[in-house]
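Next up: the same protein chain in two forms, each one alone, written as structure tokens (structure 1, then structure 2).
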Structure 1
């Protein structure tokens, strides 16, 4: 009898492209019709329908509405149908615990099936439901499974106990399953059952050891001598996964004497020839940990494990090679001499991926010594022309590292200088950095290196680290490089084109060094560099320029001792990884710690995780908003009124800085407060430094003249006879109306003093300074190097006319633009001169 025609439809949609609820309803109807059918071909029809259901489920279509029909159709002896049904049930049981209850009867029935494969599959599916309310239904089948005559069922049951423990630890312990697992582990003839029992017991007793002394004793019993030898004697029966599990257990075992160590190593000797890399690495870990206290034997272990590791490295996939290389790298760092004769194994092959090549280059660097340096450096120099730029860079760095190890320095320096003639930007950049380090360690090579470096144009060096290295050499050896002052001067002239703080810092220092060695040629460059550095919006650049400027103000000889002292050669460069970290990584041999080259706590502990890993935790935090009443008066003032003071175009210009937390705000000071503050806070120039001469304004002026820092500043005009009201008041609304109604009476641009640029690092000081001259600030904004201020003042006497000022200050160019509007246009000129005079005294 043929199956019903509705189950032979050929025009149905593709399973990967469900047509919606209509197809789900169609599937439900067909499944219901086939439920309980024993007609010939019914199982084949069920298979096709089950495949469609599983396909829909895989692409994310919700087919949970078919739960009842799928369970009803599971009453069959077809194992393929059983597998698909178990897969479906396991997927939807956790999210639908009420529906999962429907599966208990047929799963328990299948756990008693005659076919051991079905018993095992049913037990695995039953334990995979992970529904707390169904725990009571798991205990019986699990107990029967642990006593099942078939090894496959016992294997599944051993892992099922662990699943039960994670669902309900108390139910697992109360049923005495750990004891049953222990008996199975010691007595079961099947190796896979033993392995599963061991894995489950390790996890259960490790978790229970924190609360139960008995569990702690049982966990220690896993490392007892009888159990360890029991597992070692049967290790050949286990598969690769189980062997790795046993080897990891044995690596924590502490033998009672040296004879026991040799017995264990003899039993595991043949595991070093295993085809599986994980087994080989696990065996090596055991050997290394057992012999840590035996120095001679430990060295022999290195010799013994070298050949298996080199064989594994050269065979298999690139991923396996990288994993083995990472472990070899760790061993090479601990005992480079033992691998020095095998350096050719670490030569790079053209077809290898870059991550493997990079690791090999690090190992070549580590094993270089007097006997093999020439061959290794020759090979590395070939890689410098590699099409892979990253590998070429690493090869050049490796050559430099070998030179820093004091092996064949003469030949290596010559090869590095030849790299500079290759006329490749990245080669030149990496070589310059290495030449700088070499000169720090071997100053005697300065003449040979400087002769070549002096021919390099700074325009051809764009990378910040390389340009910094070149600038360092120009400053350190300016007496040997005729063009050094002029190259530095050109770099200072292009200050604004250089965006790297590192380069600007090195440039400031190099110009200072060159000034003390060749003052006439560097005088102008130093003045320009200090002016640019003082106006720099980067805090570290500004601070260093200010530091140098003040050193020169106080005493030139002291400045020279600080900036350009006699230097000693660097003997040892700092290691990027401490010995303690390396020991921690070695303790975690054969784990991800070796691949990541960091201890496990650094990538598993919460405090070391990145923002991406803890984004969910951060998402639960709330930021409490502060009400306006709790804000500072100045903040409320600016938030409410600053937009009222500006025109539409000006609002767009200032709104960004105003909303920025770094914008500067005008505090509500009056003239008496300003006078009190100025009387209590001494100027920076009045401070004295122990051990240095007292500050002398005449010396400061001489330094400014010498370096050209004051040449571009307009002379201070004499204050005109215009008196201002010290208690002038103007509200923001009136200021805005006047500003929109009045025409510009005066507009000018002028330079400001370098000391004013320095003081402008804290714009609030300018507001206090101007208030001391009876000129009030009503709004301010901006961020370095551009600032915008709105001032107002009132003429004393009659008529009491107002002056409104817009002042734009650029600390980078040391210039100020001033627009003045006045009720009395005839007096605008006098006020402009008074305003400029007040601004010229800022910073004194």
Structure 2
């Protein structure tokens, strides 16, 4: 339980603590003397001794040899002594299972004490022993702990069940503790008991779900509407930490309709004003995830969360503001425009730690646009002269990145060239690298840049990256730089002084380029460079020299075409992070993924992954099927929803104070804008045909009513040409049979919207989306960028006829291939249009 214990002191006594051993035997002796003593003051003496023991334990000295003496002394009514003893025992029991047996007796006795606090403490210690062969002694006390009249004991017991599960999963499940926890969770009046039951059940079911289908269902049930509403309705009774737990649970909940989404958001609205940053971020995650499919509202959420996030950033500790900034950064990358007028908040402050400053510089880079580039770059240039060198470097890089984003390049190039005149080594080095990238993108600046770069003495540039950049420019623009061949020659002469292979490679290439532009002046240098390169012990340098040599031998004009091909300006530099990754990170909002800017699978072992990581489950196509029951979880609970939900009047009460500050308006569900594609025009799927009715927007009027905002009622959609059965069911076997029997009635390929590609980062969302259009998924699989889905749908009315779909989506080429088979071939065209319409709305 505690310090890095077991220092193997017994086998090799540490020389740094020569007195350690004798001190411990001293303690042992004194403890023995006191063990049976009933003399007044004995407890005080014991306290002092116990303190010494614990203090040894904390610094890592192994005091496990005192185990029996400590237990002997534990027969006391002094609660401070008891607690120290529990702490000691918890720490060493695991390593000394035999001795741990000694403690069972007094712990069990304490579990029946009349003081509830002693009962709780003893039960907690008992469960913390982590000794497998003592499990049998745990079950009894735990069972009575869960039923204890005192809430503190139940709180401890609820967590104790989880501890038992970790010692022995089977003992825990066999004793039926999980279902007891479930009952407590739904019925206990104490909020902390409920919270601990939830924590324990989440962990237990997630671990069990791998092996047991029942457990998987139970885990799903934690996200069921009755439970979610049960917790939501009383969220304010929970303390802030338990609120975070509940918020995290709710962020995975999938509401059945928009009304629910708005209800939940209105209920949680005031959590955004909480002083605890964890509560605020938890709430924001819920808001962002709930509104993913509603673009307008999603945008409103961004507006709403801006101020609270900025307040958290500036009011908390630097550590907290680091965490908040990481999240802001993620949001800024998704919606740069939203923050474009708030750029001043991200100016660096004098006393901030550099990890905060660096993030702020990244923010400024991301926010820069036409309206604010001038101010931002001006500010960044101030940092370039900063005494903090690493920040100065980052600032220069930020200026360069902004330049490459194509805003106000004119002014920026001038600023960069001014950096070169500052004559600070690191400034020059960073700037050279940037100038090189700029020239690759904007060749038209070459004259201005070359004039300045030509003045830089290569002796003042030492960093390999900067030197390579300078050499690259010398080679590339040798016709404009009179000195170029001579500088290169000089560098070749000092080949041996140059230790970086990167620089040597660049030098070889530059000399080649220069040779074709100014042969007579470069010939000597080229010969020397090739000779040096061939003799180089570094394989890649050697190979490149050899390659150039043979190329020249083969044919000079070919060599020229290889080395000096006509260059095209680079329009976009490769983004370091794919959009899939970014979306994965967004899905893991309010987690370490955002801090590391990596999705969790890149830094955690499988066993540590999030408890409800749904997206991982998208496994192999052939293995996994989505049973119909799982596909429609909302409907199963429909029947008993009613009594669990708040009555209407209560709802109003909750929403009352919230509405005046910010109301979440339902989006104007404009049916005409939805792109509906006719199947007659394959390959032109992004052509939208206004006027055609959109599919399934009957929810809109209900939202308006519920929110009571008196919004204009959305236009009533015309009846759809083909209605689908919302509760279609087809088992995998029949699907397979039908698929093999039927012929393809329709096959087409079309483009998918970029936003759909983005949303595809979690293919699970597509399944949910299609479900909303009454198209069910029966199997799915694949890895980015290509995914394969099998869907089915059933026509409403008689006769029931099925449509089967195979859909291949490639997210890198943004194309989808759809094959449709239908019981009724005549309706396939209509269904195909429907399917495409549904798909085209994905990601909205």
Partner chain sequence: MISQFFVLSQRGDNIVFRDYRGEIQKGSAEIFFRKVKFWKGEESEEAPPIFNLDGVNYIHVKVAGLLFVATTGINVSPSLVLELLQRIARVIKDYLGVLNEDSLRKNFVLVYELLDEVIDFGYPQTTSTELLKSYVFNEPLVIDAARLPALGPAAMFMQGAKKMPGTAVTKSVIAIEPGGRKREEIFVDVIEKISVTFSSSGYILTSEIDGTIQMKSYLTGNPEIRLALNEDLSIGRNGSSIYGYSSSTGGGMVILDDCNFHESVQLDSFEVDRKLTLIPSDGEFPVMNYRMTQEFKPPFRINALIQEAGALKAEVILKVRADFPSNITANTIMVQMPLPSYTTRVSFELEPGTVGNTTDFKEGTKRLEWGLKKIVGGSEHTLRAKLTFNQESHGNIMREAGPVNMTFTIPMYNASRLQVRYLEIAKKSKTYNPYRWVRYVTQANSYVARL
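Being a predicted model, the structure only gives us computed values, none of them experimental. Positions refer to the first chain, counted from 1. If you superpose the two forms and keep the largest set of C-alpha atoms that fall within 1.5 Å, you have the rigid core.
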Item to complete: Name the structure that matches the description of the form predicted together with its partner chain.
Response: 2
Practice prompt. Answer yes if the Cα of residue 211 shifts by 2 angstroms or more between structure 1 and structure 2 on a rigid-core superposition, and no otherwise.
Written response: yes
Worksheet item: C-alpha of residue 468: shift of 2 angstroms or more between structure 1 and structure 2, rigid core aligned?
Response: no
Discussion item. Would residue 421 count as moving between structure 1 and structure 2, using a Cα shift of 2 angstroms or more after superposing the core as the test?
Written reply: no
Practice prompt. Give the C-alpha shift of residue 27 between structure 1 and structure 2, in Å, after superposing the two forms on their rigid core.
Written response: 4.2
Worksheet, complete the sentence: Using a rigid core superposition, the C-alpha offset of residue 64 between structure 1 and structure 2 in Å is 3.9
